[in-house]
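Presented below, as structure tokens, is a lone chain in the form predicted on its own.
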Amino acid sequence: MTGRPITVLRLGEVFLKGRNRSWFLKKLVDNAKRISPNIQLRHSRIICTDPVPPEEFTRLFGITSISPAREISQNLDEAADAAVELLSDLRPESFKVEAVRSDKSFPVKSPDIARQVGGEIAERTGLRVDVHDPHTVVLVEIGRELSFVSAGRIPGPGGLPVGVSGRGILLLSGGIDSPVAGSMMLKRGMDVVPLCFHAPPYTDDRLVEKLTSLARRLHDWGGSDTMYLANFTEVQKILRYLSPGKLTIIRYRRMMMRVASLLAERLRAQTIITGESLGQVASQTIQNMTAIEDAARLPVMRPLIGLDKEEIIKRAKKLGSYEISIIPQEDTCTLFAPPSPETKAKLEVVEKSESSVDVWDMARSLVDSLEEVHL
């Protein structure tokens, strides 16, 4: 094997951030170090000098592509050897060589590097050179501190580094939608903290296991390492028996908004995230969402608001949450649900239905008793 195996990570949106670029880059490097401690920032790329499989970085938001590479000395014969070895694993139909000479003291200019290495590859492998539409691009970079050859590109997730856009509390249920909503906010650089509700003994340990699995899937993509779990049973019983019964689910969701708001204050979060999609179910009409959001003390973000179910399922499969979400399991909000839930709630009617109880005292009690689940 020629040269030490390394991995090249390419930046996307981060590189366009102007004055804030250094802070975005630092956050991206810190996030990459969760995968490997040996991370270096080189010009417009991040280099991992550990023999970590490149696929490990495909869930690192802020990265547009990943390439396996070999570290070399400033020697073009060695560059050709490394390129041939890398291409033998990829078996492309065609290739071209690009060269970057960041060390201007190196005597061979970039176009000549590309021609010399490309000619050697073609002669030794018989592969076709295609400078316009190659199957695989070989990059030779000659630098002062690091020289390397990379071949092929694995798509990265793009977006922004997790942590540059504040923190949000995700109302995570066992369904398909909310994990996808969380992942979309992770992609926009938000630190996403899951908040879940269960109602023992009406829901059993299988629901908690399912919620934990979904939270772990988000953690794999950079989400929080802690999930918060609220025991909703007693509060749910009280809200269930308030009148009118058709507002039961609205009252449940308003209480969840209050709990999320109080938890956000403790964790210094700036928003609440939900998996609501307009018109998808009875509780997700514009009137109902307006009545539910009224109970929140923070802005509510709904990244799925304009997506249909098929689009959400496609994203869930890419996230890796779909197979977990479709496991049959009773959901907290569907417990004691009325046969004909309200679809056009009026805020004044909802508030009147809650007036006989101290809803914020109930919310504070729930937050004080939250269970922390470490992922």
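Just so we're clear, the structure is a prediction, and the values are computed from it rather than from any experiment. Just count from 1 along the sequence shown to find any residue number.
Quick note: we don't show the form predicted together with a small molecule, though the next part is all about it.
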* Is it true that 197, 274 and 280 each have at least one non-hydrogen atom within 4.5 Å of the small molecule in the predicted bound form? -> yes
* Structure fact -> Given 137-145, 77-85, 170-178, 184-192, the stretch touching the small molecule in the predicted bound form at heavy atoms within 4.5 Å is 170-178
* So in the predicted bound form, does residue 96 come within 4.5 Å of the small molecule, heavy atom to heavy atom? -> no
* 4.5 angstroms heavy atom contact with the small molecule in the predicted bound form for residue 30 -> no
* the small molecule contact at residue 284 in the predicted bound form, heavy atom, 4.5 Å -> yes
* To do: May I ask you to check whether residue 332 falls inside a 4.5 Å heavy atom distance of the small molecule in the predicted bound form?
  => yes
* Asked: Among 256, 250, 215, 117, which has any heavy atom within 4.5 Å of the small molecule in the predicted bound form?
  -> 256
